[in-house]
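Here you get one chain, nothing else, as C-alpha cells; it is the form predicted on its own.
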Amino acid sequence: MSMPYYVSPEQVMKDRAEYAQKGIARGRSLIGLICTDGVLLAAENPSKSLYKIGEIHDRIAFAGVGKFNEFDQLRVAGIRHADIKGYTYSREDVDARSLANLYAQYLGQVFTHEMKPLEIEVLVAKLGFKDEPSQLFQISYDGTVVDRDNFVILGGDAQPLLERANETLVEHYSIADSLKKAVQILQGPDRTLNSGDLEVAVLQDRGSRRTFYRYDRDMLEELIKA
C-alpha cells in the first residue's frame, strides 16, 4: 500500500496564494478614488458589454478585477444581499462595511477550503452622507479586508501604479481632475489610453436617491480632453 503524498499546510497556502496572484495580475488594472465631490472608479476595460464596475445600492458601488465570471457572481450576490436587507429593515441599514465583510467571509472560505482559490480582487465603495465620510474597502482573494483612506488600486502590475499614485494623488481632487489623474496613472509614461479603453463610473449626489452614474464613451472623451 502506497503512502499518501504529503504537502505541508504552509506550502498549500503559499501555492494557492501564488496561483491567485498570477491570475489577478493578468487582469487589467482598476483605480478607485475618493474625491471632493464624490467617488470615482476607473478601469482599463475595452469591452463595451462586460462591466467591471457596477451599482450595488443607492450609495454603494462594486468593482472587480480578475476572472469576470467569478467577480460578477459576487456583484450579483451583493445586490441580492442589499435588496433583502433593505426590504427586511430599511434602505439606510444597507452599508458597505457589512457587504465587504460578507465578501471577505466568502473569499476566505473558498481560499481555505477549496482546491482552487478565486482569482479576483474586489472593491466596495460607498459615498459619504452628511457627516459620514466616503469609504473604500479592498477585499483580496484570501478574504483580507483593507479600508483605504484616499485611493485603491487593484489588479494588473499594481506596484508601478501605486508608485505613480503616491506621487500624483497628494490630496483629494474634484471628480473631473481625479479622472485625468486616474488616466495618467493607469496608462503610465509609455502608452496612451483613450475613451474606448476605459470604463468609468462615479458615486455623486445629484439630487436623487441613487448616486451611481456610468460615463459613456462620448462623455469620457470630452472629460479627458477638457
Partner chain sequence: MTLPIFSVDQDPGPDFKALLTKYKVNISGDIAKFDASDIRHGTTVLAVKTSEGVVVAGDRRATEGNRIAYRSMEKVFAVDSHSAIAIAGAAGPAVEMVKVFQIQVSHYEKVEGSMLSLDGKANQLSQMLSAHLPLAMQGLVVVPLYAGYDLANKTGRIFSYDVTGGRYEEFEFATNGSGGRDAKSLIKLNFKEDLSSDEAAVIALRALADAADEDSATGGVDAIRKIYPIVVKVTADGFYRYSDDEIESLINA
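Note that the structure is predicted; figures quoted are calculated from it, not measured. Positions refer to the first chain, counted from 1.
A second form of this protein, the form predicted in complex with the partner chain, is not displayed here; the remarks below concern that form.
Exactly one of the stretches 122-130, 83-91, 135-143, 148-156 approaches the partner chain in the predicted bound form with heavy atoms within 4.5 Å, and it is 83-91. No residue of the trio I185, T192 and I224 has any heavy atom within 4.5 Å of the partner chain in the predicted bound form.
K22 falls outside the set of residues with a heavy atom inside 4.5 Å of the partner chain in the predicted bound form. Contact annotation: R206 falls outside 4.5 Å of the partner chain in the predicted bound form, judged by heavy atom distances.
The shortest heavy atom separation between C35 and the partner chain in the predicted bound form exceeds 4.5 Å. Contact check for E199: every heavy atom lies farther than 4.5 Å from the partner chain in the predicted bound form.
For the stretch 51-76, the set of residues having any non-hydrogen atom within 4.5 angstroms of the partner chain in the predicted bound form comprises E55, I56, H57, Q73, L74, R75, V76, in sequence order.
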